[in-house]
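Encoded as structure tokens, the following chain is the form predicted alone, with no partner shown.
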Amino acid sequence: MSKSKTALVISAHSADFVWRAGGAIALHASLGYEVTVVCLSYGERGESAKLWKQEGMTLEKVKAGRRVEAENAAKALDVHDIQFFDLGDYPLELDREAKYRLVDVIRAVQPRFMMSHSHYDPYNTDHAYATNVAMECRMIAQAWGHNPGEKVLGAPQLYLFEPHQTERMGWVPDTFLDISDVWDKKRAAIECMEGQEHLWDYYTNVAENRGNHFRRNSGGQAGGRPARYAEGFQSVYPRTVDEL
């Protein structure tokens, strides 16, 4: 594992990292982490309805607009590096070359933790696919026989961020992160996503609800921390501890 503090977020589309992990990104950036975001696609076909309703819109114009939105959001969140793979969406597909490209990023970043989507999403299979790819590429990055001589990956936790309709996704959070101190940054990033304005207040409400869950699980009325905003995550791999 790298001695520097690093993290990697693998986002199926160019807005996903904002709604679902923007607080975690901004908070860890404030703690000295270099957070890299990989957008596998721009979400140009399936998640840009507002742009497509404009007269004279083209695929390249939509992608350009989505890129600007994501870059502005990344700046608001103090993202260290944002990379756009431009692999297309609906459906999102990665061939072996694209997977190895992601492996190269994982090995270069040497993240202390990674983030991606829920395991299952019947409304948007791009999301679950991105996580399957993240797990596969994490595995490849750990393999000593892949590009021998490179620094292999350790065992970073993969956190699955919250999907849009949790009761249909089998997503069960086991970690709540207080993002109150960086909420203004997340809200600013949310408002950069002009093509999906209908989600701004939705994800504000999600953060408020998760703040309630943080308060309850940190002690509630018996002394819980007064978090106003939080994000929830589901961990994939076991944690190793010396005491509970």
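Position 1 is the first residue in the sequence shown; the rest follow in order. The structure displayed is predicted, hence computed values, not measured ones.
The same protein has a further form, the form predicted in complex with another copy of the chain, not shown here; the description that follows concerns it.
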Please name which of the stretches 34-42, 183-191, 64-72, 199-207 has residues with heavy atoms lying within 4.5 Å of another copy of the chain in the model of the complex.
-> 199-207
Should Ser118 be classed as touching another copy of the chain in the model of the complex when contacts are defined as heavy atoms within 4.5 Å?
-> no
Heavy atom to heavy atom, is Ala24 within 4.5 Å of another copy of the chain in the model of the complex?
-> yes
Quick one: does Ile82 come within 4.5 Å of another copy of the chain in the model of the complex, counting heavy atoms only?
-> no
Any non-hydrogen atom of Arg101 within 4.5 angstroms of another copy of the chain in the model of the complex = no
At a 4.5 angstroms cut-off on non-hydrogen atoms, which residues of 143-176 are near another copy of the chain in the model of the complex? List them in order.
-> Ala143, Trp144, Gly145, His146, Pro148, Val152, Leu153, Gly154, Ala155, Tyr159, His164, Gln165, Thr166, Glu167, Arg168, Trp171, Val172, Pro173, Asp174, Thr175, Phe176
